[in-house]
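One chain is shown next in structure tokens, namely the form predicted on its own.
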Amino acid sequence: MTYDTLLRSSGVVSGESDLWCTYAAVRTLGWLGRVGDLPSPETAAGFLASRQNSDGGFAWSAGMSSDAWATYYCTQTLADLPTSSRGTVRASSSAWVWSAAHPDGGFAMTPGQASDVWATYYAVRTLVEIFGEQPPPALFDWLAALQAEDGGLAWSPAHAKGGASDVRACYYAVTAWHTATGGEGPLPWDRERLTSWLRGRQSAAGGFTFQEGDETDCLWATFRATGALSRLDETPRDPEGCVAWIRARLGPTGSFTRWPGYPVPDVWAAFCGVGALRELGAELDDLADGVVETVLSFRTPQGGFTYRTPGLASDVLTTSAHLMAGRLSETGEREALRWTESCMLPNENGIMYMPGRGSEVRCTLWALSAGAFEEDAPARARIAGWLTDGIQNPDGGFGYWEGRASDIVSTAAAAEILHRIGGDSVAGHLRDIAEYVASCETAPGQYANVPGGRSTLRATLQALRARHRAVGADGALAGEALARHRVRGGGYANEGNRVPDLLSTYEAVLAADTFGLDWDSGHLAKFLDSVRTADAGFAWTPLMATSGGPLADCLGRRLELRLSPERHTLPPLALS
């Protein structure tokens, strides 16, 4: 694969700050001793504080539920900023982190979800480094169960039984142990087998890959491998070769790119390059100015950061939304689709939210629905293989990305992709999906996003759609859910039947169409009138006066098209 399309960046730019990018940028500046170079750090703090919910946790974007991922990145980044610029965070996040603790000793990304090593790493670092608390003693038994037969560590004990070792899982587990013990407690794994497996991921060129069988070294894997080895007081098999490979990723701007052939210096490359050299004890002074200048050029007007120069920082969700809303010219559509199709990591076959990031199930569904790989059957087969052979969890469900515990949103997205492109070979995987969906049922015909969660309209309809794609489902249950959440003045509410919202109303019409249920076009038209904004966009709820952005505009426009005389079919999208 070549990445020239990424260099031109013919996708669509949201212009917004990204949470992970902001964390990576501030931490990179901190490692270089250059946080003082950050202009107006209080604006970055304001962006981060805007992600905090009333429960004390933080969310990926405003209005979403708290999760361990966002809580770690927000609290750590605020701690990295100068004290005088941090502002006031409304409430401690410690209690929220504990609410996601699992009886097995690990932590979940959200309360009720299964434990995974991503969430456990985020929770342990937040508790110990931010709040000065200690994780439960059972943590170490849970971590011990992550070692697979080959010596590497996996995403969860269930993944370890299947032999799914990964360099990232090794880093997160070893760092959680190191953070909890100061690196001085008993090691819960066989050191020699773990070290040997990690060293085995280094290629003759000097870089690392994530898993056995991967073909392309990448800076992300190299950083995580060197970090895990460093916490074990070990080194790569060829440390000098590793340093040389990392420094070979420096581009003309003086900052890093991700892997050989990838042309764009981005914030993750800077974070991983500086981080890996730091773990190896290598010199950083000679490259600091170039990295700092490049990273600071990624700032957005909101005060946070995106992954590259903001004017070129396209993302897949925004680009797909513009494509499905019909907002691009014919030429623009072709270029945007080619750009979207290039958003794949070398060793993964799903589509990323932003280039250089890990592949995500929801983004892959949005891209395919927008027309990506429409005429490329081999690519679609590779995507199906990525879902079934790479990231389907042992419980049959899917998380947002590889190794993240299952949830209904991601599982419904995966079911739609497999239904669309999977063919006959995925029947067994679809049956496994049905088993996971059943674990989220809270009452007959009612479902939550994760096992043990609270049932909502969207989770119920997504679960029923996933079951319908997998083994068939009773449409009457969907009809009952729609009746419970129908708002008299127009639209559907996710909880109760008083305040409608665009996401729930889109899901309601999509589910009704999927099950062949009748719905009231006048009722939908009344709702769309209530969320249509003065600039021809759409708000997420009637309580908001302004457009919710490209994703809301896309959903609203697609509902308008569904009401048109042509009755355009709704794409089977899932977002939250």
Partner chain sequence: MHTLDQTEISNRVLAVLEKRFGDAARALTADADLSDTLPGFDSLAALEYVNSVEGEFGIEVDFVGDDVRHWFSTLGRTTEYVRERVEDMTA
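Just so it is clear, the model here is predicted, and its values are computed rather than measured. Positions refer to the first chain, counted from 1.
What comes next is about the form predicted together with its partner chain, which does not appear here.
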Problem - Heavy atom contact within 4.5 Å of its partner chain in the predicted bound form, the stretch among 376 to 384, 224 to 232, 124 to 132, 494 to 502 - result: 494 to 502
Fill in the blank from the handout: The listed residue (26, 68, 44, 531) that reaches within 4.5 Å of its partner chain in the predicted bound form by any heavy atom is 531
Handout entry: 4.5 Å heavy atom contact, residue 543 to its partner chain in the predicted bound form
Key = yes
Practice task
Answer for residue 34 alone: is it within 4.5 Å of its partner chain in the predicted bound form, judged on heavy atom distances?
Solution key: no
Handout entry: residue 490: touches its partner chain in the predicted bound form, heavy atom cutoff 4.5 angstroms
Key = yes
